[in-house]
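Alright, two takes on the same chain below, each alone as structure tokens: structure 1 and structure 2.
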Structure 1
């Protein structure tokens, strides 16, 4: 039986590349619609149903050498969703600076994951977990 609580980290980097391209397109076009579509993708990813992950699963590849807990990346998708919603509101209401700053922040985080395998949202999740578990004995 496959343990669905763990995922292939290569899929996360693949998704981060696509996300980076979409967010770069948003910065070039200031498109509230494109950013709203990415927000939907983030929302799906936060619930474990990312269309980018579905695409990754269709690509022939060798089995992963390691797996990772799905909870930190799902949290990161939720953070991306928050930035995408703020950015969409900014662009849709002609507060372009708000849209640009929110989109650029999401792009920076996505690019860190894509290029370097550093998931900023995942690290925030793990830090929050450590902070909330302080003083708790196992």
Structure 2
């Protein structure tokens, strides 16, 4: 049986708001360092150790009305990591357009998640599986 741990979905949205703010800051400053820090945060989040979510846990609040599977947000953090790494390389090597495009894509996903509850894994995971597993089925 797969290990299914559950998390407070509000904490995940909270983390997405902070991520959006940080990425907005990156777009304004073109800072490779700031984006590299966010990349580390994405890497931690992808393995279930998001510092933003940890911050949420320290805020006094009512218990969550429902819990969510932790795997979808972890998947999204992994995708965010890929974009943040590409963006950091872009800004660090003065290919600002690459940095901006990658950061803008990550910001769009984070902002959609924060403001609308958008689930990246729902939209792209199956599409990716459909494309990569072509011809495997009989």
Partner chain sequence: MSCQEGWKGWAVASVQGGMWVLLGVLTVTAVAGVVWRTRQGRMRLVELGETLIPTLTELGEAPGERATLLQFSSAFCAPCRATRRILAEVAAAVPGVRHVELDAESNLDVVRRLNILKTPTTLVLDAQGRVTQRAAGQPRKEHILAALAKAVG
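For clarity, a rigid core is taken as the largest C-alpha set superposing within 1.5 Å between two forms. Residue numbers count along the first chain shown, from 1. Owing to the predicted nature of the structure, the values given are computational and were not obtained by experimental measurement.
- Structure 1 is taken from the form predicted on its own, while structure 2 is not.
- A displacement of less than 2 angstroms separates the C-alpha positions of residue 14 between the two structures, with the rigid core held in common.
- Superposed on the core, the two forms barely differ at residue 23: its CA moves less than 2 Å between the two structures.
- At residue 123, the distance the Cα travels between the two structures is 3.8 Å after the core is superposed.
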